[in-house]
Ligand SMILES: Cc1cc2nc3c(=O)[nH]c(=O)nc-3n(C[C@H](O)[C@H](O)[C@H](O)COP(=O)(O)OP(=O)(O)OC[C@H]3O[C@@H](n4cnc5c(N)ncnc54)[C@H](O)[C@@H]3O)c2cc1C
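Take a look at this single chain, the form predicted alone, given in structure tokens.
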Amino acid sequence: MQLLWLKRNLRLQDSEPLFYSMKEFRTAGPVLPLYIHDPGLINQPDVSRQHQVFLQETLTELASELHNLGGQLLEAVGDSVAVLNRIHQVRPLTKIWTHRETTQHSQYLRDKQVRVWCQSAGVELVEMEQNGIARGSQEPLPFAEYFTRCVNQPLRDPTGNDLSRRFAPLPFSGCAPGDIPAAAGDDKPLRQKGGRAAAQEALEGFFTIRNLNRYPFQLSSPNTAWDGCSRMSTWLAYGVVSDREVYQHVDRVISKGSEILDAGGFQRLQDRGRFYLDRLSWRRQYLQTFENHPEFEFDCILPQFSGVREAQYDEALFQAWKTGRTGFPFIDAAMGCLRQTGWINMRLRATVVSFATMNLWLPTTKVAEFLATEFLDYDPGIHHIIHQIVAGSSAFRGIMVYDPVKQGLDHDPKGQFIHRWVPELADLGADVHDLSKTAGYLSVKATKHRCLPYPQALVDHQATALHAKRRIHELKKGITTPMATVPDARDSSPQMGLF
């Protein structure tokens, strides 16, 4: 019997492991789709309840898709090696098919243990490349070549086929929902929903000429980014859709534009398509960097930063930042929005991380670990690299200190975003950007809910920004060029939760 081992590659469409396992069923045996709820991974500090519920929504829909094809999904609880060994004892395995992942240390160790078990059990493990990420001695393709290959590659979709003869029966009953240990934290009421149907709706809804044309002008403000970005990052992070599918949707929009737009309009559309593709290119570069340097989950890219922020760590500042009580309305609104939705736009993410690591001088890894639980689209290979770029602990040339007041004035001038997510300031009007007027303020709405008055600013943001810049310049003395493995951003904000 063969296994189709699903990890963060939760799709049947454009799935090479599914295709090749189905192709080999006559020689290697029927295929059993498997997902393992590993308590050791569920209890990791970068996993939260919202991730788990999103994943379960996706698995429920995927199980239904498999049923329509004639197969069954086995969901099992336990240590990954123990589950595989149990299956092997009931029905000997010939091959395990899965995607190769660029992921956090805990899951890397899981994969390493599975490789050792496969060798000892005589089971062939086939880990298939994804996202164009090279491993070991492989050379990554330039983005242009990778993009061309992706848009010209037919996407295999098994939907509508009867593949029942190729699927294996369950070797034992799957787990009940109550058997799965719950991850830490609470689900978020306004987050994106899991599953292929929601991902396809987002794909079809965003990729139009109108949306791609306006994308560069919508992504910076939290008031426009909610609908103005494709927001595919969550479904990409869990492999509900493949990067190839997104590339092909972009290509179709450009092709449509070539048919109906005049020369000037088509040129503008091409430029804006490239603007979107730039972010996909950066995504791939960040993943490749993390593939090459997984230690950056824990270690500073530049070793001279190790322990520097930790030596001045202030728990009270960390708690105030986490809970949205910093006294900086744009920052606190971002944390309030994130707490309810699991998503904020890219510039706001950079602003939040900059404020935490520069103005509050909080340790980068501590900030990154907390935000991993808050971002529904948490993708370790992107997350940890970008946090270090924004925090200044990489060899990226620029220093990204975002003024939290100016960012609010620029991207939420009328205060709509702040009014919605900071109830203490709900009726303050445009004065929400004046720290002398926000300190101690309490709206009528917040009074009814017995909120505390809005706090004074925790720090002098201009003085702390100046101090951070000087400190980082001192630590970076002698570095003249950026590391080749860490891509530069071509505007002032690297992308986090890119799209």
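For every residue, the number given is its place in the sequence shown, counted from 1. Model, not experiment: these values are computed from the prediction.
The form predicted in complex with this ligand exists for this protein as well; it is not shown, and the discussion that follows is about that form.
When you look in the predicted bound form, the only residue of 338, 150, 346, 300 with a non-hydrogen atom within 4.5 Å of this ligand is 346. This chain is displayed alone, yet in the predicted bound form one of 215, 417, 290, 396 has a heavy atom within 4.5 Å of this ligand; that residue is 215.
Picking from 330-338, 278-286, 72-80, 126-134 the stretch near this ligand in the predicted bound form, with a 4.5 Å limit on heavy atoms, gives 278-286.
Within this chain, residue 374 is remote from the site of this ligand in the predicted bound form, having no heavy atom within 4.5 Å. Contact check for residue 110: every heavy atom lies farther than 4.5 Å from this ligand in the predicted bound form.
In the predicted bound form, this ligand sits within 4.5 Å of a heavy atom belonging to residue 231.
In the predicted bound form, residue 383 approaches this ligand with a heavy atom inside 4.5 Å. Relative to this ligand in the predicted bound form, residues 350, 378 and 387 are all within 4.5 Å by at least one heavy atom. Contacts between stretch 150-168 and this ligand, counted in the predicted bound form as any heavy atom lying within 4.5 Å, involve no residue at all.
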